[in-house]
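One chain follows as structure tokens, the form predicted alone.
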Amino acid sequence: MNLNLVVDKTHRFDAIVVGSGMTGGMAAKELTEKGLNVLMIERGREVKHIEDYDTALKAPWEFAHRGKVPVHSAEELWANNRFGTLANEETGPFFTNDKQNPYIEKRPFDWIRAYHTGGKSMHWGRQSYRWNRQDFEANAKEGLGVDWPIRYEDLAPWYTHAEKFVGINGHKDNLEVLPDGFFLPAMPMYSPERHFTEMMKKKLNRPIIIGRTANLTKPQPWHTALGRATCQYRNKCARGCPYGAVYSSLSGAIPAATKTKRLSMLHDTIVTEVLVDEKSQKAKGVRVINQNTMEVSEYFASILFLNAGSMNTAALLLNSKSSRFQNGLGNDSDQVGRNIMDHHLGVGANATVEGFEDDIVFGQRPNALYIPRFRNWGADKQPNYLRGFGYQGGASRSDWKRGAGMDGFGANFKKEMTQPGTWNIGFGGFGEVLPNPNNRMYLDPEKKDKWGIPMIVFDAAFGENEIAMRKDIASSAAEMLEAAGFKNITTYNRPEVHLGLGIHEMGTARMGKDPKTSVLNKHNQLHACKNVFVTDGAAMASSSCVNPSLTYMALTARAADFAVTELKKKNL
């Protein structure tokens, strides 16, 4: 019973976008630029670009705990702390308080969230890669999950569209496994990295590239028009970039949508349910609750874009029940909440580098090397697992902070710390996780949060394919470091890592051709409710091994274009 229900028929818009993160921002931008009046609803607090980046320009000694993870975060941000250092003094305010937003783990799940304007676009890794043709065809060829209803060619122009707007730096490397796109000038490699690249080509015939990231190296007119400027090489991106060089919804999509004067925003507002018109069986709006006042309201629109993040979008669908959708909106296939995927994290190798002591670098490059997938690609066939992985990492030189773990004191010790330390190099693997309907989340039938919303239960884990792949990720990384002639090689494969820690969770409302086995069609529409679109990670039918945000944004722009076209034809 909604005792505080406020029904105001003036709460009407052309479109409602749920979520203000990577895909919510892109949806709002595309829809407003095509002439629609859009309401964006964000469940968390408002963060204003630049003025709310409280730690952006602080020096290490200006933090009470020198930027480390405060003691209180062990209780309040317990899931974030599983990553290691996310909830530190520098970036902690941009992560969600897990104590206030609990979830249930039938099997452990590392759920990293960002409830505020911009969502996880505020601290994403910025690595931006296109999927290749094989990524869209692998499910069908291997008989896993469901076949994607689209192919690379369907998404290629929308990749270009997103790359131009966001601003991705990189080389055109002419690799089939990693298609080229629209790039700004690439960032440079360090000397040990150039050596590593040459040795990998010579000894293993493997291409190594500089990472392709969403940092502006040469802003274009459409970037500067939004107030965005050139990257300062500070590598403090996750604190919030006051220069707008790092792409986020706050620096890019939301300002672009705001310029149209057709965007309205609500903060601190949790969408609890999608409302369905019983006569037309179309969505007519959403019911929301203010997280602070507990006031319940309803808002109405012709089309809905659900971009709350793959887990919360699925939860919203499951919680939206009606006489037609008794198992949750669009859940005729019983696939909503299933097929949770992510990427491997916490597995790789490190080494020390000798012979480059005279090489000094200036600034802090916010980028790394990328080693494209080479397993189960071309002539390589692995007997123990399907699909493959890539690596991210590179070389770095230890600085004065190394002194915190060393013996010594006094003037000589301080003088020593002013000198550059040793070169180190390391790579962590990002491996593909297969779709598995038994990896799922669902709503607890009895337990609810403080807003009266059923709590999410996670029941998912890595399978045999993923475990076998992780062993190869560690050993192959060591093999490459050894081939390059580096020293003191060590491998790691963190046993406590669970699904979710890659912060690329996806797959809970997958696209597909058949309504009996999938939730969304080739345009990201719910099969059974055509005026509802899902374009965040929930839509994914497989996970590839590359960072997913660029693909999410391309899918969103493509779906928005289709939605507006259909709306103008009065088909929605």
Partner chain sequence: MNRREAISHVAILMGGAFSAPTLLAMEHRDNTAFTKSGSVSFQLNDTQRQIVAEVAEMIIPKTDTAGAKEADVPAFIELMLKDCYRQPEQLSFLEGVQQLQTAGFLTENEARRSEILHKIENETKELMKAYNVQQSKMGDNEDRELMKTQVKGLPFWRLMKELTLLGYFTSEVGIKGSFEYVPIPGKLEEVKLKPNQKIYAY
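Keep in mind the model is a prediction, meaning the values are calculated, not measured. Positions refer to the first chain, counted from 1. Throughout, rigid core stands for the largest set of C-alpha atoms superposing within 1.5 Å between the two forms.
A second form of this protein, the form predicted in complex with the partner chain, is not displayed here; the remarks below concern that form.
- Query: Counting only non-hydrogen atoms, which stretch in 401-409, 317-325, 124-132, 448-456 is within 4.5 Å of the partner chain in the predicted bound form?
  - Reply: In short, 401-409.
- Taking heavy atoms only, is F183 within 4.5 angstroms of the partner chain in the predicted bound form? Because no heavy atom of F183 falls inside 4.5 Å of the partner chain in the predicted bound form, the answer is no.
- Item | Distance check, A140 to the partner chain in the predicted bound form, heavy atom within 4.5 Å | Because no heavy atom of A140 falls inside 4.5 Å of the partner chain in the predicted bound form, the answer is no.
- Query: Should V296 be classed as touching the partner chain in the predicted bound form when contacts are defined as heavy atoms within 4.5 Å?
  - Reply: Taking the distances in the predicted bound form, the answer for V296 is no, it never comes within 4.5 Å of the partner chain.
- Message: Residue-level question: is R262 within 4.5 Å of the partner chain in the predicted bound form, judged on heavy atoms?
- Response: Contact with the partner chain, no.
- Of these, N292, Q220, T85, Q382, which has a heavy atom no more than 4.5 Å from the partner chain in the predicted bound form? Looking at the other structure, the residue within range turns out to be T85.
- Here the chain is shown alone; which of G378, G485, G363, G355 has a heavy atom within 4.5 Å of the partner chain in the predicted bound form? Looking at the other structure, the residue within range turns out to be G363.
- Query: Which of the residues spanning 174-209 lie within 4.5 Å of the partner chain in the predicted bound form, based on heavy atoms?
  - Reply: Heavy-atom contacts to the partner chain in the predicted bound form: P188, M189, Y190, S191, R194.
- Message: So, superposing on the core, is the move of N412 at the CA at least 2 angstroms between this form and the one not shown?
- Response: Moves: yes, 2 Å or greater.
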